[in-house]
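To begin, one chain is listed below as structure tokens, in the form predicted on its own.
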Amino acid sequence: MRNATDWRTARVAHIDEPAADVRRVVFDVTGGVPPFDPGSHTNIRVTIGGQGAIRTYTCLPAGRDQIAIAVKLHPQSRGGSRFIWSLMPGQEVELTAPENRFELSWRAPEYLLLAGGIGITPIYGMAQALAARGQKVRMHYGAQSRAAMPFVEDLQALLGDRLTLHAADQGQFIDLDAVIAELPPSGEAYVCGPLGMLEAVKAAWARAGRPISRLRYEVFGDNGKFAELPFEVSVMNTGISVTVRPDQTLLGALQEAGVEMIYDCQRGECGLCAVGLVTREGEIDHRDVFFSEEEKREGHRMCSCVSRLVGGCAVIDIGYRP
């Protein structure tokens, strides 16, 4: 895994709200910002419950020597979105130079962009970059309502009839089989949205017999199939037990209890923080994109950075041996 360690001081230059419950924050970065491609992200040091933590956000197109992010205020926020929403113009933060793990290939004759809700953040920059280079691109953008869609006006001006909006409150949903069928065999699809959307896209892509190498996706946040409930975990061979609150991750609760953990992405992508499940009571809400569907059904391991139990309790194995 690549790790961004180039920490820089930044100051809040501008704040606006491009959609309901979405805040865009623009930072002036001390020492400037190296060029970055769409899909890049920055890590930001935040304060949650009086403790320091790191959260990752997609970098939006911004001005010279600036980094911009857009953050939706989650009702069950683990603290990151609340911290970003608390920022005021002039306030200083520490963030990293942009790093990219969701890169455009620039090899396809045509591109399909799919965004769900705040998953628009990397897709927005990709649409701008592809249009600027004259690439063939179509985009489908879904959300709960039209009011919940940031950057729609910009995208409509940029893409015209190549952009289709889907508002769930108006009964509008993306026909994934149809839009994938319209893509040439050598075309590529880029997707960012809630976990359910990603699973649906992967299933439709497989039904179409498309090579998985031409489907790129990124999950946002730690959304799952079930509402967040507290659950109990005991760590094998340590005598440590923790209660995981609805607003925190298993990884966060373990760290808070002094358990040393190996982790990296904190987005359910790398699998470094996965723990074994020795015994458990309660269903697993897998929120990662690391484990296969078969591994998730087996229920032997879970990514502690995003996945959780739907209530109940478990004994976990983190690999520690006395």
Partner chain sequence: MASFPLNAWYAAAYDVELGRSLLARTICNKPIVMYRKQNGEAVALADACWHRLLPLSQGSLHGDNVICGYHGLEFDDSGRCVYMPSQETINPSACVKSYPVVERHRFLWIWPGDPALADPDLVPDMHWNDDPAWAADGRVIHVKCDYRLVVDNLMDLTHETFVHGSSIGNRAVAEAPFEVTHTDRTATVTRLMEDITAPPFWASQIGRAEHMDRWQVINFQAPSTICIEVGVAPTGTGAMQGDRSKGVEGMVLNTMTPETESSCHYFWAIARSYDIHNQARTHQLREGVAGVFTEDELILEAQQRAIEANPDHVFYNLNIDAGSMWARKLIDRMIAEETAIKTAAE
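Given the structure is predicted, the values throughout are model-derived calculations rather than measurements. Numbering follows the first chain given and starts at 1.
Absent from the display: the form predicted in complex with the partner chain. The rest refers to it.
(request) Name the stretch, out of 44 to 52, 57 to 65, 22 to 30, 277 to 285, where some heavy atom lies within 4.5 Å of the partner chain in the predicted bound form. (result) Result of the contact check: 57 to 65.
(request) Examine residue 217 and determine whether its closest non-hydrogen atom to the partner chain in the predicted bound form is within 4.5 angstroms. (result) Flag for residue 217 set to yes.
(message) My question is simply whether residue 295 lines the interface with the partner chain in the predicted bound form - judged by any non-hydrogen atom within 4.5 Å.
(response) Although the partner chain is absent here, residue 295 would touch it in the predicted bound form, with heavy atoms inside 4.5 Å.
(request) Decide whether residue 243 counts as a contact residue for the partner chain in the predicted bound form under a heavy atom distance cut-off of 4.5 Å. (result) So residue 243 does not count as contacting the partner chain.
(request) May I ask you to check whether residue 270 falls inside a 4.5 Å heavy atom distance of the partner chain in the predicted bound form? (result) Yes, residue 270 sits close enough to the partner chain in the predicted bound form that at least one of its heavy atoms falls within 4.5 Å.
(request) Consider the chain as shown here, without its partner, and state which of 186, 213, 86, 237 has a heavy atom within 4.5 Å of the partner chain in the predicted bound form. (result) Only one listed residue qualifies here, and that residue is 213.
(message) Counting any non-hydrogen atom inside 4.5 Å, which residue from 162, 136, 82, 101 sits next to the partner chain in the predicted bound form?
(response) Exactly one listed residue reaches within 4.5 Å, namely 101.
(request) Residue by residue through 280 to 296, tell me which have a non-hydrogen atom within 4.5 angstroms of the partner chain in the predicted bound form. (result) Sequence-ordered list: 289, 290, 291, 292, 295.
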